[in-house]
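Single chain ahead, by itself, as structure tokens, in the form predicted on its own.
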């Protein structure tokens, strides 16, 4: 029986590749498998190559596999494009007869079949739109999928929107595809999947998890401009905020988005915005305003490939230093980097608590990979959510004050905060340097004291930051450091290395700023060789480590800036070669 399998559906944008992949992911999840999806799609609407890989495993997985076991191609161009990724023993079904053009080397240990999805759809239903369900039917035979599960997913997908006749036709198309595959796919070519119980699990994206985290954390105002790959956050929120006294605002641009979120936060609401790519650049002025005014703010940045418009639907980690050093002037900020769907939810809740406790902007830095793609996770435990609003003064506390200083100099750098309209809490707040009451004060003495007050927050906050996590053999001499979506491929790479007799350990950095230098320094000190995995060209995480730790050994970078995420072999192979 198969324990781990990757199925790719490939064609052109407009073929329904992403829709078909989502349906297959739901089916495999309901058969009890752990699921990771990987969508590779262009930024245009129709015509360019697109593919969707669904990886299913009996064990927990966090990323895509090294190779493809089954390729279902709507056109034969997809075969030529992905031939190097097809595993030996893999099977390929393609719409046309061009499979005969495959060279002997390409055919080696792989099986190719002509599978006329479009032709069958036109002949049976008079419309090639049913090719997608015929394809799923073919997979039903190859993978031994449960037809009753498929039928239920189809009903849920189409019944309310399209009606029973469309449901019936789609189910007929699935059966047609299954019968056709039975005639052309031999028994030994099938990849039979074991069926397990699907209990207490969700199939969810990182963006959706962030939306849930914001809701349960008490966020009730969200302003954003649509931008890929962050838009799904507020697409989720717009369905759930109104019934929970929340408001979602689509703004005219990112400048308005961050400033509206700041205004809502100043008024007392827990507020958030999200962005990516050039939208983050537009937010930098408002980002600085949050730092100067000490207004709590949560910004979710789902990274994509730049610069400029770049590759807006691809994944990268090239905006790491932007949020650590971005905007102008020095001011406290906290940057968190979740590596899983579960952490996306947990870190969102943490971000709101940190923002209000330390009265500064908190950045949740994620990536397109797990922002838009789906993973199976255990159902979230939302019964023990802690809300920490920091030094937020009550009406009673304000009435006991003779002189309220919004920006009072304090030992921990955090000044008591009052909301507008509260008696005895009147104060001024502006973007200029100011004194304890908030009024403009440009004297050197005040500037020095106010700057030092604000920056003391970073030292105070260190006790509340999310610590790094170590995976693998803690006694190993080889260390790997990474953050964000590199977690999955690094963990699997360590397993591959262990199988070849090489022990390694992995330090997952989860708070990027303030940088937890002691933990990173301690980890490096136990290693003879350290590799830093960066999904960008310049090795931004390695640069950050060098600037904050000054390690005694040279760090070796493993880089990827192709627009695709790492595979386990992309990390394991360089480490093996270095031994």
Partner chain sequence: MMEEKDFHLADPTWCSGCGIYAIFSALKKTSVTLEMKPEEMVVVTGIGCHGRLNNYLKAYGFHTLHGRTLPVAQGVKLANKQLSVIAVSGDGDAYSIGLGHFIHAVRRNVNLTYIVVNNMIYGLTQGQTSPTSRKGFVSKSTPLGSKESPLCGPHLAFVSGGTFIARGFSGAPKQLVRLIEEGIQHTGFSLIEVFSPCVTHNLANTYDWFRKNTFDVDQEKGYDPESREKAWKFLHNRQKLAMGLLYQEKGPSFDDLVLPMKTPLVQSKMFFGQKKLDKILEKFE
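Positions refer to the first chain, counted from 1. All values reported here derive from a predicted model rather than from experimental measurement.
Below: the form predicted together with the partner chain, not depicted.
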Select from the listed residues 159, 147, 429, 408 the one whose heavy atoms reach within 4.5 Å of the partner chain in the predicted complex.
429
Select from the listed residues 76, 414, 502, 256 the one whose heavy atoms reach within 4.5 Å of the partner chain in the predicted complex.
256
Just one stretch in 120-128, 481-489, 88-96, 431-439 has heavy atoms within 4.5 Å of the partner chain in the predicted complex, so which one is it?
431-439
Decide whether residue 309 counts as a contact residue for the partner chain in the predicted complex under a heavy atom distance cut-off of 4.5 Å.
yes
Looking at the partner-bound form in the predicted complex, is residue 163 within 4.5 Å of the partner chain by any heavy atom?
no
Verify the contact flag for residue 403: yes if a non-hydrogen atom of it lies within 4.5 Å of a non-hydrogen atom of the partner chain in the predicted complex, no if not.
no
Answer with yes or no whether residue 197 is in contact with the partner chain in the predicted complex, where contact means some heavy atom within 4.5 Å.
no
In the predicted complex, does every one of 68, 108 and 472 come within 4.5 Å of the partner chain, counting any heavy atom?
no
If you apply a 4.5 angstroms heavy atom cut-off, which residues in 255-271 are near the partner chain in the predicted complex?
255, 256, 259, 260, 262, 263, 264, 266, 267, 268, 269, 270
